[in-house]
Structure formats: structure tokens, C-alpha cells
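Just the one chain here, laid out as C-alpha cells, in the form predicted on its own.
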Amino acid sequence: MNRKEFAEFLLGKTEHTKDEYEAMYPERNLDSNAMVTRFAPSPTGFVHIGSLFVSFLDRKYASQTNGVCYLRIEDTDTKRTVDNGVSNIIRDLANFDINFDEGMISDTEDKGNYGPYLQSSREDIYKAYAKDLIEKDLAYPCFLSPEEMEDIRNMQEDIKARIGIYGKYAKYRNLSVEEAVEKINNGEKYIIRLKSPGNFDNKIIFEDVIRGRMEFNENDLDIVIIKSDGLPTYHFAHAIDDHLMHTTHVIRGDEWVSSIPLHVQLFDVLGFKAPKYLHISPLMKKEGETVRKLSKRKDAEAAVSYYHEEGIPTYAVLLYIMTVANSNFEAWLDANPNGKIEDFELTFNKMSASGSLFDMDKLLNISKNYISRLNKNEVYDMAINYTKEYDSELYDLLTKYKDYSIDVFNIEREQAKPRKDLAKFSEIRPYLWYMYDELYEPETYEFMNVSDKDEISRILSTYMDKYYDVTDKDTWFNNIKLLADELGYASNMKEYKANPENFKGNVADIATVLRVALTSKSQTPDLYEIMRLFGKDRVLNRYKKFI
């Protein structure tokens, strides 16, 4: 049996050969500087904020170079795959406006000319390339049993040797074709391993796009490339897929740095040109005096669903991610407050090689600034989308009183320095509950300097009897000053500061009484606008209810 027959004996007949697959995936017709990036998650659970970061970078770099960004699903580890895992990934990323030029569009469908984009549907391709390696004596069947593997590992741990199958531990590496066939005919199970040409004592030099020059020991491990179920390992599959899909840049977490020697060797053994790699550090979180990785298990904000549940606008999250991605973006955004993400060009040299602290306070501040720049209709639409899912009672009121609600959101919005007190839409109820009579049942009133009930009642009654007028803001405020003068409060703050003993208080105290009796809160948006939106009857009813 020659090696070609041996390869087919091991892996069966494939639909196409390696050379035929090469012809089926031609070079892309793109400009020379165009990047082809890929987001290649496993469908094993929710999308992590780190995955959002990577997919955003993939999408942004491809977009700004007129390249291609595709979604490839790496599902060869069937034990970890969850139901609807692919559609969940697609949905979570689409919620952040991260959509792909090619790749999976559902759990079973894809688009593009370089698919299938689901690795479990590419089994024939991987076997064709594995067969080619077997024919060239660069791969072999390994018959190590789980018990033998465990014994080897224990031995290596006892003598503090490197863990893995290499050197003397690769006991089936040089088995003849005849010996291997005999074992298979006897029913012995096997997997296919790479016959590594590496020598651990040799050094390789690798140039990472972000981290620069790095030096490693050459790989000498005979890694598994085809498992007993016929599916490839991640290492083998990713090299073939990145080659056939003509990926130019691979952006991934720094947990893969240790795999560089193996991946470089795989591309070389397979006869491929390796893509450029960018290894980014994980997002970190400060906990007391220590700094640790943001954790799926410990940190709610690690899941991208958290931002949807909290009602933090997706664009605000992406603006924050841009500040993590490039150190100069924040200064650019300060200089261009209305600038769009697409207006800024990401560069590799401004990406940090060290881990970035995940700063929720900074993200919320960015969100406040972003929401403050939206017009009233945009804020209303976001509030509707959020409350429809998370607060049906408030949703019903916002839709019942649509025009009124839009005007509520417009208070202090159309001015040079708009109010910045809403960072996420989970705060929407405490932000405006007192603007709706159906919700208005205050438990406390935040009166400040004037707290005597009779005096408060006197101020409210006198105001409604003689001074209520919201024709315009100047008239409104002048009337409050007249009310202050009539009741013994200083309408002029300079006079009050000079001789406070001559007055009960000042005009600010009067305004606070009017504000708190109307809303129960001492801090609200513009009181004149609130009164104008309420109208005289609603203001009078609130004051009567308080009295």
C-alpha cells in the first residue's frame, strides 16, 4: 500500500482533493491594502464584552480599508456547543450594529463565496488537507489509548518535563504503513497527528502587529489534527480556513500567544502564507488593590446582554470601545463631539499591548454625553424600545401621551450645554416618574430651608392665586420674585447676602418650595418647563394634593 492509498485507507475518499479545493477558493479581488478579517467564535454561550471588542475591531478595520469582514463559526468541539449558539451570537452582535459581509446568517445558513462558514460543514476539506500531509509523511495515525496518554502525562509531571507528545513519547510516529494497517484491521482506534518537523532547541522570530518582535522555541509537539470523530482540532482547522478564505489579519486575545510557534509551523507545513496576527490584551477590572481579568462568572458587565438590560445605548458602548482600541480617540472625540466612529481611522500603533482597565464610570460618562446630544425624538424612541421590554407600565404611559412625553425629553435639550443626567434607560423611571400623574405617589418631599407646612401652604396658595403665569420664562421668574417680596423673602440675592437677617429667606427658597411641592424632588430639570408642560390645572391639583 503506497502512502496515497494509506491516506485514503485512514480517512476515506473525499469529495475533492487539496488541489481542487485550492482552485475553488481563488484570491479575492480587493485592493492591495484591503484587510480581510474574521470573527471566529465557538457557539458555547453568551457573547463576552471581550468578544464584542474583537468583533468590533474586525469590522472597523475591514470597513475603513474597503475590505471584508466575515463570521466563521468554529464548532468542532461538539461537547461545548449550545443550542441556538450561532443565532445568539449573530443577534447579540447585530444589537451593536456589528454585521458581516460574509459568513453565518443563522444557525444553518450562510452567505458568501468562501463557505461553508460553519466548520462542522467543512469536514471534507480538512480531511483532504490531512490526507495530503499523510501522503507527504507529515502526519500519521496515533494509537495511544486514553490510559497511555494519562501515564505519559503523569510521567512528564513527575520528572517536570514539558507536557505533550514529542520525541520518545510519540511512540507511533515512525510506525510503518504495514504496521499501522495491521493495527487498524485489528480494530485499534486512532487519531491523526502532525509529524512536527520542529526542534524545541531552535528559536523562531515572530513579528506581532501590536507587540512587535517576539522570540519562541520552535514547536516540536505532534499535535492532533483530526480527532477520532473525524472532525479537526481548532489549530488545524483555523489554518486551513484562514488560508482558503484569504484572511489577511487575525485579531485575537493574548491567550493565543503561546500557540504562535505551532500556528506558524502549521502554515509552513501546509505550504500557506500566514496572515498577520494582532494579539490584544484582555479587559481588566480593578478589585480593591488587585487587578484581574474581567470575568464571565463574576462580572455582570462581562456579558453584552448586560448593556441591553441596563439600557445603555449601543453606540455609547462602541464609543467607549473606541477609547480602549486607540489611545488618541478620546482626545479626538473631545475636539469633535458630534464626530462619528466611521470618521475616525483606527491605527495599529495606537493600540495598547498591555491590558486596559474596564472603566464603567467612564463608559457611563460617555453615555451621558451621547444621550445629551440626541434630539427629543431619538431619546423618545430609545425610551420606547427599552420600556417596551423592561417596564410595560411606563411604556403604556409614554405611548399614551406621546407628544407630551417627547416634550418631557426635550427639557433642557435644545441649548448650548444640554443637561447630562441620563446615562442609561434603566434610569428612565426615576428620571421622569413625577411627570406622570398615574405614577405620582411620593413617599417623601425634599424640602430644604423652608419646611414649615403652614408657610409652604401660604407660598403655594399665594402663587396660584396671584402669580402663576407661564407665558414666557422672564414673566414667570419675575412673578416668583414678586411672590418672594410679598411674603418677606429677598428677591435680590445681593441684598440677601448683605443682610440675611432682614428676610425669611430668598427667592431660591421660594423656587425650591414650588419645585418640591410639584415634583417632591429638590433637583429636577427646568422648573419653568415642567410647569409649562403641566398646565395650570395640573399644577394647582398637585399643590392642592400636597396641602
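Model, not experiment: these values are computed from the prediction. Throughout, we count residues from 1 along the sequence that is shown.
From this point on, the text means the form predicted in complex with a small molecule, which you will not see here.
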Stretch in contact in the model of the complex with the small molecule, which is absent here, among 489 to 497, 41 to 49, 60 to 68, 508 to 516 (heavy atoms within 4.5 Å): 41 to 49
Partner-free chain; cross-checking the small molecule in the model of the complex, the single residue of F267, F344, W256, Y315 with a heavy atom within 4.5 Å is W256
Between R252, K111, H246, K368, only one gets a heavy atom within 4.5 angstroms of the small molecule in the model of the complex; which residue is that? R252
Would you classify W332 as touching the small molecule in the model of the complex, given a 4.5 Å non-hydrogen atom cut-off? no
My question is simply whether Y404 lines the interface with the small molecule in the model of the complex - judged by any non-hydrogen atom within 4.5 Å. no
Would you please decide whether Y234 lies within 4.5 angstroms of the small molecule in the model of the complex, comparing each non-hydrogen atom pair? yes
D92: heavy atom within 4.5 Å of the small molecule in the model of the complex? no
